[in-house]
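In the block that follows, a single chain appears as structure tokens, in the form predicted alone.
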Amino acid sequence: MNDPIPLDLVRLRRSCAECSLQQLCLPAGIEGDDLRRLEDVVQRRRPLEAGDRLFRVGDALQSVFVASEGTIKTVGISEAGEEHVLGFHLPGELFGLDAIGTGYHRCEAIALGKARVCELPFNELAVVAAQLPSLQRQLLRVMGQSSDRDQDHLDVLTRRQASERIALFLQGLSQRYRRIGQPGDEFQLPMSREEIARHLGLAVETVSRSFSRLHEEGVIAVRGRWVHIIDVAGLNAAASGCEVEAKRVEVVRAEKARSPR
């Protein structure tokens, strides 16, 4: 039998309308009576600790989730038992959508540290969404954004060099932190180098070297998990591959200069 969950009356009184993230997740663009209908569906769960799981591979779809505090990672497990990090979900970002197609989860959701989530029982959410066009449109929009992120991640894994992957990862985190009202140029990474490597399909050593290189070039300052983006233009150039092309041209010119005429 589970231990009773102590009631936090202050948090229970916080509705979607009062939440600072309400313009970032499902309530965005939903107002009045429609928002109150959504609030009736949302359940606020007990705090999570690092390593706590919200669902596992093979679990039946019960709910989808939005982190209200902290970061959640979603992880796929290969037949050989190897872990691949599919994504990192910051506050305001919906996750758990992987089970919508089959009715069963194909990944695990694990808290990276202390976190809180809002839980939306999927059957109740679907019923309310069918009755509220504004919520239905928002749910479809969020699902579309999730699909876009998956496609972007596939592009990173298949078409980008290691240095570009790291720069794109930091660039994306910066944008997402700004979106939730936090500094985008200076932040603490909630994930380890190993987790970044498993997300980007790289060796841990390659991730560490890429961070060090960006640090040495003055693009970022790094101390442990603390990152300060110093040169935004430089990071954008590294993410777009311009840095790689510039170095290739420089090498070609140097070789031509050394070759006999």
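A residue's number is simply how far along the shown sequence it sits, counting from 1. These numbers come from a predicted model, not from an experiment.
The form predicted in complex with another copy of the chain is left out here; the points below concern that form.
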query	finding
Partner-proximal stretch of 130 to 138, 175 to 183, 88 to 96, 110 to 118 relative to another copy of the chain in the predicted bound form, 4.5 angstroms, heavy atom	130 to 138
Triple contact flag Thr102, Gln145 and Asp152 to another copy of the chain in the predicted bound form, non-hydrogen atom at 4.5 angstroms	yes
The single option of Leu202, Leu214, Leu38, Leu48 touching another copy of the chain in the predicted bound form, heavy atom within 4.5 Å	Leu202
Any non-hydrogen atom of Phe122 within 4.5 angstroms of another copy of the chain in the predicted bound form	yes
4.5 Å heavy atom contact, Leu157 and another copy of the chain in the predicted bound form	yes
Touches another copy of the chain in the predicted bound form: Met191 (any heavy atom, 4.5 Å)	no
Touches another copy of the chain in the predicted bound form: Gln161 (any heavy atom, 4.5 Å)	no
Another copy of the chain in the predicted bound form - contacting residues of 63 to 79, heavy atom within 4.5 Å	Ser78, Glu79
